[in-house]
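Next comes just one chain, in structure tokens: the form predicted alone.
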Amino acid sequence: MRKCYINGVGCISAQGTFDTVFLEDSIVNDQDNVLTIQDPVYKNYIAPAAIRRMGKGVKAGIVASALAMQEAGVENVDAIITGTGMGCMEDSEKFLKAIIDNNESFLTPTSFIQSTHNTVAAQIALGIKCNGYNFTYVHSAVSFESSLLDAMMQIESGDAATILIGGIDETVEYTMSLFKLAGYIKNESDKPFKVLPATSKGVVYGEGATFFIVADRPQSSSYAQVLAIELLNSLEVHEVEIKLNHFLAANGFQISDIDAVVLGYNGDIEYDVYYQNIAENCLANTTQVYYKHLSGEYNTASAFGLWVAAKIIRTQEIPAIIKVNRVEKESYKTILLYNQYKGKDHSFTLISTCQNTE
């Protein structure tokens, strides 16, 4: 079976992840229930004339992909595969507002063209002149994992050797107001907003763009090897540990082989029990990490989680700001990621050091 390596990363998030090593300047914002990205200097990557026509998700995606490619030392790729839960909402809202304001007449097509979910992947392809496989997955909370799984299948089949993958989602004011009405986002009365321990319903929402270069061969810039991934639609709380053990066994591992686990705690008291159950039982003696208190919750926040896991393997350090428990290991060679949203769209991802399987 062909191996899959992470050779470069790029991350635009609510933290300064584009110009720091690993969360050294990160802070926990417990006063806002919607977190927005920290903007890089876009003109360093995109022509100023083009910036004006792009939504923030597109801009962030282009910069994050450029950072990943730059780190991996590649100028083009064989395929571009992205995941997004909500797509380019900023342009979607602009177009829908124009329909209402103009009584469905005299509409310009720009916002409509740029509102589609595959806009980011298309803009990246146009920018680097990539004519290869280009696909966007819209699978709710496993949108990013679907892109990673597809990339692994492309490498396994020999159809591609170097692939750009990423997860992108953005926040916009009107949609966030609807999410608040629906109870998806925490009420203002719940301040300060805490992820651990969860004390209220809803989440702190966020946005971000995280990209990776994955390839069939390691290089000096490699972070980790992606060993396996599994997606599951719906599970009961007690079934997670069973499925987790099956997943590990199928790939030749057991709980004791896992050096750290990255859990998708988001502060929703109704659903964080999925994480708490395994954290307090089968993973009690495993180093535990969380990240959504920094990034916020969004459909492709798990891409930020993979970025965290890859950084842990590269640096062999876990910043105090993302530690859940006090368990520590001498080295972090194999890391498990687990994520779910509202009891649906469960995913297990297993990564390791490149040397671990050479």
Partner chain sequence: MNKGVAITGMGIISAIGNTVEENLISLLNNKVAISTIDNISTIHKDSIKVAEIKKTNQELVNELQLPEENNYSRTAMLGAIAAKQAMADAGITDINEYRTGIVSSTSVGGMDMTERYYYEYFKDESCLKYVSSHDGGATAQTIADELGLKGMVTTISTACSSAANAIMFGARLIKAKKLDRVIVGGTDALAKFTINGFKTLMILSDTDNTPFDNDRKGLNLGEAAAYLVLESDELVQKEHKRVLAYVSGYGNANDAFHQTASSENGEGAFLAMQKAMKVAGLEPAQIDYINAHGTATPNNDLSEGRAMLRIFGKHVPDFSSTKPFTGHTLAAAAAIEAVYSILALQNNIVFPNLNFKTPMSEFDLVPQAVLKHKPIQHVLSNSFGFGGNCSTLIFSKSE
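Residue numbers count along the first chain shown, from 1. In this text the structure is predicted, and so the values were computed from the model without any measurement.
What comes next is about the form predicted in complex with the partner chain, which does not appear here.
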Can you tell me if K129 lies within 4.5 angstroms of the partner chain in the predicted bound form, counting non-hydrogen atoms only? yes
Just checking whether D101 would be counted as a contact of the partner chain in the predicted bound form - the rule being heavy atoms within 4.5 angstroms. yes
Hey, in the predicted bound form, is T119 touching the partner chain, heavy atoms inside 4.5 Å? yes
Counting only non-hydrogen atoms and a 4.5 angstroms cut-off, does G264 reach the partner chain in the predicted bound form? no
Counting any non-hydrogen atom inside 4.5 Å, which residue from D257, D190, D216, D150 sits next to the partner chain in the predicted bound form? D150
In this chain shown alone, the residue from S200, N277, S115, S221 with a heavy atom within 4.5 Å of the partner chain in the predicted bound form is S115
Hey, of 171-179, 191-199, 264-272, 208-216, which bit sits against the partner chain in the predicted bound form at 4.5 Å between non-hydrogen atoms? 171-179
Going by the partner chain in the predicted bound form, which residues of 325-346 come within 4.5 Å of it through any heavy atom? K344, D345
